[in-house]
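Alright, here's a single protein chain in two forms, structure 1 and structure 2, each given by itself as structure tokens.
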Structure 1
């Protein structure tokens, strides 16, 4: 009987959950995901999520119809799948804010079917 040694790809992830910035080394083994280098359990949870289903917040700007402020800053009100970032950014390129808004106002609901809204992060459009 011959033993087969299977090599597993090792990935290093810098954890962003807390200020420690741990460098977590992860490898998928027959027993599951094995991680080392983290200083807390949150690091393992972050690494597992990052390797299996990465999510991101998006901060950008959108066009407005106002000459005194041609763009306004916006962000997602939750995280979206990393794979959908480009689709969301393209959709936001088509958005034009045509009414005065303030911080927290929804600019686009359920952007690209993600269940996440795009909200305003500036009061610069309230009133000139």
Structure 2
């Protein structure tokens, strides 16, 4: 049994779903993905995604036209491919917010063709 497990590649993944940060040992076996070390089912889902198509949410800031708050914080309203994080951050470097937006307002739609919107995460422009 030990040898069978050994012959499959084992990867340790740190789950980032919650603050527990479970270290999940994953092995791809003929019976599918075997996981151990996670405290809940969300860990299995995270590990499965992590091994095939890692997804992340992105938080960053964009420039504004207002001197009282030269930048305002934003985030993706869903997850994007991990590999696209830098590209999306670069694209957002070109954005300038010209209205006094509030939390939840859409700053950019379908950013870089990911199907995910960029939304504002701060009310600082509402209270100059």
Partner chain sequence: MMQEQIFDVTVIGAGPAGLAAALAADHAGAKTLLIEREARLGGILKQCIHDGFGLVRYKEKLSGPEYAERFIEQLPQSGVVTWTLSFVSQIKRDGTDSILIVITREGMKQVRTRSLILATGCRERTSRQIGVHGRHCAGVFTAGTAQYYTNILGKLPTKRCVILGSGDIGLIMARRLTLEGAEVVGVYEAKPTPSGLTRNVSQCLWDFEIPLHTSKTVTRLFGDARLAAVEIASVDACMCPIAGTEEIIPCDALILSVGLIPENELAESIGVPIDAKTKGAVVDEHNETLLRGVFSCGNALHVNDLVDYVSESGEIAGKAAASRSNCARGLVPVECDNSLLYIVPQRICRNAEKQDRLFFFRSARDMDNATLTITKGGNTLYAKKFAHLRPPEMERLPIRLTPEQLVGNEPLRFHLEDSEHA
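All of these numbers come straight from a predicted model, not from anything done at the bench. Positions refer to the first chain, counted from 1. Just so we're on the same page, rigid core means the largest C-alpha set that superposes within 1.5 Å between forms.
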| item | value |
| --- | --- |
| Form predicted alone - structure 1 or 2 | 1 |
| Displaced residue check between structures 1 and 2: residue 37, CA, 2 Å or over, core reference | yes |
| Rotational displacement of the minor rigid part between structures 1 and 2 [degrees] | 16 |
